[in-house]
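Only one chain comes next, encoded as structure tokens, the form predicted on its own.
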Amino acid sequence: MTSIQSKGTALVTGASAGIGAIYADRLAKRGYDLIIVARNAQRLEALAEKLRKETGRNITAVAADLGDKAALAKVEHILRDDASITLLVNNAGVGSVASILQDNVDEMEAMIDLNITALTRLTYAVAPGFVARGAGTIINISSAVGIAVEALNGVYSASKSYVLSFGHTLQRDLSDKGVRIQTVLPAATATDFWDVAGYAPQKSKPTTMSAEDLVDAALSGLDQGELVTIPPLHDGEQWLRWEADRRAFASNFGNAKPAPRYTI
């Protein structure tokens, strides 16, 4: 049991296993009540019962497939209407290691629905309430392949690039209204992601981080006020330089005439 004063309620998606389950554990121990969301009702309720016993926090399990519009709408409704929610962790996602010539386009569309559409709709559902209350935190789980886009499946990489870009604009739109946005970029992490993606051996490679280390590092980054947290990147200045160069590069687009190299 814990006597830590409640920090409100955190809603965590993809919470039945892996990164999401570790987030649920750590946030409950930090003093958050939880709404944990995932497809697997049995695993979700088992986690909820475990955390209730260990932390004494209020834990609500919501079984929902966020790729299903009706189920997604149910979670959106919770985020819009529950004023106790102070933190959203958009963790639910699916991946692939296959090329365009190997993967099924319907599966890729389902990946977009979960990795992009669901994350976007849940963010849109919670943001107005956070702004009205002048406080709230949104943690979006992107991936290192959002930058290293050639590493895995192209749709997966593109979906994680979206999460990174979306986070930048959320920071622009919401940071002066009391809402914190953190985008987390894991690299290879030892979770069931690799079983689903079709490359289970990755979980045991020496370059693969544990889910516990990943989440603990990400929460440390949140505590330090980072906007983008990349736990496996040891030279943090490298990201800051890359981001500064990107922003400087973008300022060179304001030209009404094409570059001389395109002159016919």
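What you see is a predicted model; the values in this text were computed from it and never measured. Sequential numbering from 1, following the sequence displayed.
Same protein, other form: the form predicted together with a small molecule, not shown, and the subject of what follows.
- Checking 50, 69, 30, 39 against the small molecule in the model of the complex, a heavy atom within 4.5 Å turns up for just one residue: 39.
- Residue contact with the small molecule in the model of the complex: residue 24 places no heavy atom within 4.5 Å of it.
- Although the partner is absent here, residue 64 lies within 4.5 Å of the small molecule in the model of the complex, judged by heavy atoms.
- By the criterion of a heavy atom within 4.5 Å, residue 192 is counted among the residues contacting the small molecule in the model of the complex.
- Residue 183 falls outside the set of residues with a heavy atom inside 4.5 Å of the small molecule in the model of the complex.
- At a distance of at most 4.5 angstroms from the small molecule in the model of the complex, none of the three residues 121, 139 and 227 contributes a non-hydrogen atom.
- In plain terms, the part of the chain that comes close to the small molecule in the model of the complex, with a heavy atom within 4.5 Å, is 184-192 out of 164-172, 184-192, 80-88, 97-105.
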